[in-house]
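Below sits a lone chain in structure tokens, taken as the form predicted alone.
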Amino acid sequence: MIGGIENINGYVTKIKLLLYLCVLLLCSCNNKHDNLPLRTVIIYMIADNNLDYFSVKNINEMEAGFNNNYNGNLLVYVDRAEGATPSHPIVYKISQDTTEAIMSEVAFVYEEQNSANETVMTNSLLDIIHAYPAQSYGLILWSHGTAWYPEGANISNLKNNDFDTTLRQSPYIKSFGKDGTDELCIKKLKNALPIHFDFILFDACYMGSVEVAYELKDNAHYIISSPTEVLSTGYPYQHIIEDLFEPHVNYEKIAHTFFISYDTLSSALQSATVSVIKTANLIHLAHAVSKIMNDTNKLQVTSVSKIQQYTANEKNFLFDIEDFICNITHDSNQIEACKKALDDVVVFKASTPSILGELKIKKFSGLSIYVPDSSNYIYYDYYKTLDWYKSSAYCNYCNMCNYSK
């Protein structure tokens, strides 16, 4: 029975996608594309977890920052936690409002569904795209996340990350895709995105990894993400909404606004990293890295203790990609070529001196990478399925590590 439902959902998704392509074709044939709004921005919020409180706060900020005269539409799909009103997913068409209540029109209402499901995400995005066609599209992904790691990985920095509803101002972290206990891995996320977006912004922890960026390089022109945690308060939406509807989006400005909103704070709240990734150049970075990996006479295994980490626990999940490269070869020409390719990919980057007062950031290239170690080898089989692993000749380094399963 379950398999039958999944087949039906998959069939419905294909029909929706075909209808959308037909709409695009008709618009193109009739030269009506220029009459469409400039941009539809979709925010996909999976808040059916301990971030529920902050979803309402952020939607209120979106209303405060929105102007009804913008040449486009801002739609928020939000799935809130059990006990919320409502707890089932709905879509708001954001309109300008400065009250503490959410006053925006409800555009869609869904029955309870798993928002971290690939088919559910595709169908929901297509519903919005069909109803609010535009010349271009942007996507913000808001929830928990764990970089490229598969479902079930817990890579949090914090030693005690329990959510306390009485401490709304505490620096809880936000890490994409957790609905209850269900999660959406990066490969399923890639398949769930039905169109090519102008940009994807991750309001979620750890998504600034080279593996994530490379997996999604054909889904968007630019990706804005953080290789470390994002505090639960997220992006300052009231200050960036206008920028999302500019004819030529200034991604660096959006990232800088996010960074400054935390860099001006103190103590553990002074905590943020952010990068703007130009996806068209990722293939050149993979090529530069593959040259190092294929030169096995110069390639050397390094200790994870020598590389800038982006997590502060003992499981060694994420590391700075440039620092890693500099530690596995002494060939200065290869290192410089790799740095140049990385600079072409990461067109903006910024980091506070530390994250949550626990993790010191001494080196920051803007992207994380997986470095195999005896403490994280259980994820290696999954890692081998990622596009980055295949394109960067990463197998050569991993084979040299000689850890046993």
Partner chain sequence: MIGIKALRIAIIVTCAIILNSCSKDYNSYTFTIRNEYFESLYHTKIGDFLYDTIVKNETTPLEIIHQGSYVFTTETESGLLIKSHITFQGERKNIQLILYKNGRLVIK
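Residue numbers count along the first chain shown, from 1. Just so it is clear, the model here is predicted, and its values are computed rather than measured.
There is another form of this protein, the form predicted in complex with its partner chain, and it is not shown here; the text below is about that form.
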- Of these, 97-105, 235-243, 188-196, 210-218, which stretch puts a heavy atom within 4.5 angstroms of its partner chain in the model of the complex? 97-105
- Message: Which residue, Y251, Y137, Y149, Y92, is the contact with its partner chain in the model of the complex, using a 4.5 Å heavy atom cutoff?
- Response: Y92
- Exactly one of K306, K298, H130, H88 comes within 4.5 Å of its partner chain in the model of the complex through a heavy atom, and that residue is H88
- Partner proximity in the model of the complex: V109 to its partner chain, non-hydrogen atom cutoff 4.5 Å: yes
